[in-house]
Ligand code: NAD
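This document opens with one chain alone, in structure tokens, the form predicted alone.
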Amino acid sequence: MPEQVVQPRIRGFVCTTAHPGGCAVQVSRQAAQVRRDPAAWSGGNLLVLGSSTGYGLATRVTGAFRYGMSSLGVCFERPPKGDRTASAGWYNTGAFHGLTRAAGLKAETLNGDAFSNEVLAQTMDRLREGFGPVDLLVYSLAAPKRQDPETGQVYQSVLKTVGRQLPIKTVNLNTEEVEEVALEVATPQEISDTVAVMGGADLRRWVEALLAAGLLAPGARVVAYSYLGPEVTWPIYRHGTIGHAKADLEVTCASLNETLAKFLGGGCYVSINKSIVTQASAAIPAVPLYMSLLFDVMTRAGTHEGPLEQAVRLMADHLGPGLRPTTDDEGRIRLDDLEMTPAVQAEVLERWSKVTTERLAEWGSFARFQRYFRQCFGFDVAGVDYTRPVETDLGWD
């Protein structure tokens, strides 16, 4: 179809368009930022579940261009159709394929529901035929619902508190006003369903299937991404339905860690990461306001990181060749260490207690949050001319 001018269509935490040029520029800059001379590459096979955006994409870029890893990605992205753009993850993946092909690196991506048995089977077939056993498995899935592949039952996650109704401060993404909202209380069924979607059941299914098929290499590591956050977000996060799901994920990882250590000399870890802007995180009450304040504080302190810097630290300090992860008392990798330093949290808490709509505008941090959100979809990227028509009907090769 003819080229078209693509502009962001945003309402709240939903953006229905993506800019292929902006996505490509960002992926290219990520690769350039982490790229090392091939003489320093160690190789290996990387499988990323949830590979097209955020932490999953950043880890895939880091594995490829910093370590020379062959990578198989699994994602669920919307292709272009008519004058409708593809999703950002679709364009990100296409850009990644082009860069790896130019660098002589092997990279393939399966587009489908990672919760299904069909995609699991397709993934194992591709590993057998084109890659071999996996050295590093990254679990970075984020989805609002999950269908149990055995029973067919569909579980829907919810963003609610547990126990009693609680007020929490947030920023209205449509009006840009700081306000207080009352968090709804989840029913026992809603808690159970959220755990079914976001807990450890699907990770266990993948790891046990790959292990049984001989598709995890000796010493293989598995890492699942998670988040804890500060006390100001705990009513919706740690003590909410999401927190129950993340607790289940941690229990599952601890169990799988024992299994992998026994059979492969490997391990399974939860990585507690720094807060970043994604479409999923923007939907969680209180989190956009917290990030608006946090990013300003960390930028001033010189410690602010995005997903790429986090992925580099994960590999360089914990999961790179010959490394043994450093964990906290509960066996978790803590990439949120800079975010959770007492000085940073004290400053954020001070601002949180006093923030108003006017003060938020004065600090200018919400504008940064909005820019990061637009960049998730390829918009507001420096050097891209958004007045020029672009080809949107792009595929992967």
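So that there is no doubt, residue numbering starts at 1 and follows the sequence shown. Here the structure is a predicted model, which means the values were calculated and not measured.
Although not depicted, the form predicted together with the ligand is the subject of the following passage.
- If contact means any heavy atom within 4.5 Å, which of 155 to 163, 315 to 323, 174 to 182, 67 to 75 contacts the ligand in the predicted bound form? So the stretch in question is 67 to 75.
- Item | Partner proximity in the predicted bound form: residue 91 to the ligand, non-hydrogen atom cutoff 4.5 Å | Contact with the ligand, no.
- Message: Taking the ligand as it sits in the predicted bound form, is residue 303 in contact with it (heavy atom to heavy atom, 4.5 Å or less)?
- Response: Answer no; every heavy atom of residue 303 is more than 4.5 Å from the ligand in the predicted bound form.
- Message: Is it the case that residue 269, even though its partner is missing from this view, gets within 4.5 Å of the ligand in the predicted bound form, heavy atoms only?
- Response: Residue 269: no contact with the ligand in the predicted bound form.
- Hey, in the predicted bound form, is residue 148 touching the ligand, heavy atoms inside 4.5 Å? Contact with the ligand, no.
- Message: Please tell me which of 123, 292, 233, 140 lies within 4.5 Å of the ligand in the predicted bound form, judged by heavy atoms.
- Response: Contact check passes for 140.
- Can you pick the one in 255, 327, 187, 279 that has a heavy atom within 4.5 Å of the ligand in the predicted bound form? Among 255, 327, 187, 279, a heavy atom within 4.5 Å of the ligand in the predicted bound form occurs only for 279.
- Query: Which residues in 210 to 242 have a heavy atom within 4.5 Å of the ligand in the predicted bound form?
  - Reply: Contacting residues: 225, 226, 227, 237.
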